[in-house]
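Below sits a lone chain in structure tokens, taken as the form predicted alone.
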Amino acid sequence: MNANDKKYINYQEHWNKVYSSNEINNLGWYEEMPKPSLDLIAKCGLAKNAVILDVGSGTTTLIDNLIQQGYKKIIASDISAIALEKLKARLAEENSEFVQLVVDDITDPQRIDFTLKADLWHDRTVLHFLTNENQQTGYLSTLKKIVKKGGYVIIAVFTLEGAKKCSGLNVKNYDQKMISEFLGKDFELLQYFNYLYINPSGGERPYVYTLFRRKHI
């Protein structure tokens, strides 16, 4: 077993435990209506057959909302098989054809199909859990391989003033400039805003939401 295998198993076990031991609507990042993400996705003006990759999907209601809006090529990826099983169980059977569920580590993917170039990469909370350089490099490499030129990237993470830990794990905090620097010159920042999320237990979690477009170069 190499170091990457060990990392993958540790993170998978952590998130499987989180999703198996908690009700979905009690999770600290649960959104009944993911309005900030949906507002940014609307600004992208995507066709209904656009390829949308949601990384770190967990059991997000974003998938339900995208299906309701008529999107037909959604990829929901998460390191936790239990999370995606719960997501699948919640989705109506007739909607399953519009979603591909992929259990994978986005920092070192083995199952994501890179031939499916994404029109949109959506990430709410994954990036801030990647606290070492190897994870961050792997994440960015995957993003650049899968997002097409002219495609969009939405990243939402804890602000610099936000929480320093989540679900028992340390996080790396960002502002929009740091995310821009992380993505590099090939990505143009179109919009950003701060958003105060109130979690199910009443805790305040300041987020920064960012929308980028990959340049045609």
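No experiment lies behind these values; they were computed from the predicted model shown. So that there is no doubt, residue numbering starts at 1 and follows the sequence shown.
Omitted from view is the form predicted in complex with a small molecule, to which the following refers.
Engineer: Quick one: in the predicted bound form, does every one of Gly56, Ile79 and Ile106 get a heavy atom within 4.5 Å of the small molecule?
Structural biologist: Heavy-atom distance to the small molecule in the predicted bound form: all three under 4.5 Å.
Engineer: Should Phe129 be counted as a contact of the small molecule in the predicted bound form, where contact means heavy atoms within 4.5 Å?
Structural biologist: Close contact exists here: in the predicted bound form, Phe129 approaches the small molecule to within 4.5 Å, heavy atoms only.
Engineer: Looking at the partner-bound form in the predicted bound form, is Thr125 within 4.5 Å of the small molecule by any heavy atom?
Structural biologist: Contact with the small molecule, yes.
Engineer: Tell me the stretch among 90-98, 106-114, 67-75, 143-151 that has any heavy atom within 4.5 angstroms of the small molecule in the predicted bound form.
Structural biologist: Going by heavy atoms within 4.5 Å, the stretch is 106-114.
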